[in-house]
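Below, in structure tokens: the form predicted alone, a single chain.
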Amino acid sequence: MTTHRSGSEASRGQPARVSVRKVRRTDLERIVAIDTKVTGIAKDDYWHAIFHRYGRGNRPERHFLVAEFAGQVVGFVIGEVRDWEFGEPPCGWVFAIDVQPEHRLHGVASVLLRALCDAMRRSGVRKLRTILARDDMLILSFFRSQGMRTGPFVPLEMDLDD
């Protein structure tokens, strides 16, 4: 477990209060609850599958971390190292980050992202990427506040229904 100060606490010189550690099976109920509260959609099967893929075993390229405050999981981040996708050297991808709404604006997501970046650096990558909906201003503002900028790729998609 790593203990980090949230940004607001660190600037005030207060003791660290947010701890970041690897996810445990017993965290799934809290993770599902946070996601359900934020998205309005209960996805228990999805989160159990994600736990099996990213939270189990010792795969250094996969990271599923949780933030604890006062002994309770209040947020999570998931990412992995992908090799040579889109012709690019290995880099880290963030594909999920969320914080219980009552704990937002206290630096929890920043602490989680820093911990993920540290893990990615230990995995040997020097670039972090993500994809998000262009109209999701909350998460877009968060990533920009962390130093992320528009990358060199353009997302394309098409409907497969005829």
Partner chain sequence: MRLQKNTSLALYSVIEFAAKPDRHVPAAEIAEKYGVSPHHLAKVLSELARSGIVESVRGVGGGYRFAGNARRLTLLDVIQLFEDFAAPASERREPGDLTPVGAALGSVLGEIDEHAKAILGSVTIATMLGMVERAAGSDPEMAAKRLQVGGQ
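Residue numbers count along the first chain shown, from 1. Owing to the predicted nature of the structure, the values given are computational and were not obtained by experimental measurement.
Only in words, not in the display: the form predicted together with the partner chain, which the text now covers.
Peer 1: Looking at A42, L105, L28, A96, which is the one with a non-hydrogen atom within 4.5 Å of the partner chain in the predicted bound form?
Peer 2: So the residue touching the partner chain in the predicted bound form, by this definition, is L105.
Peer 1: Can you pick the one in M137, A49, I131, A70 that has a heavy atom within 4.5 Å of the partner chain in the predicted bound form?
Peer 2: If I apply the 4.5 Å criterion carefully, the residue I get is M137.
Peer 1: Find out whether any non-hydrogen atom of P152 is located within 4.5 angstroms of the partner chain in the predicted bound form, and reply yes or no.
Peer 2: No, P152 sits far enough from the partner chain in the predicted bound form that none of its heavy atoms falls within 4.5 Å.
Peer 1: Can you check whether S145 is within 4.5 Å of the partner chain in the predicted bound form, heavy atom basis?
Peer 2: Heavy-atom contact with the partner chain at 4.5 Å: present for S145.
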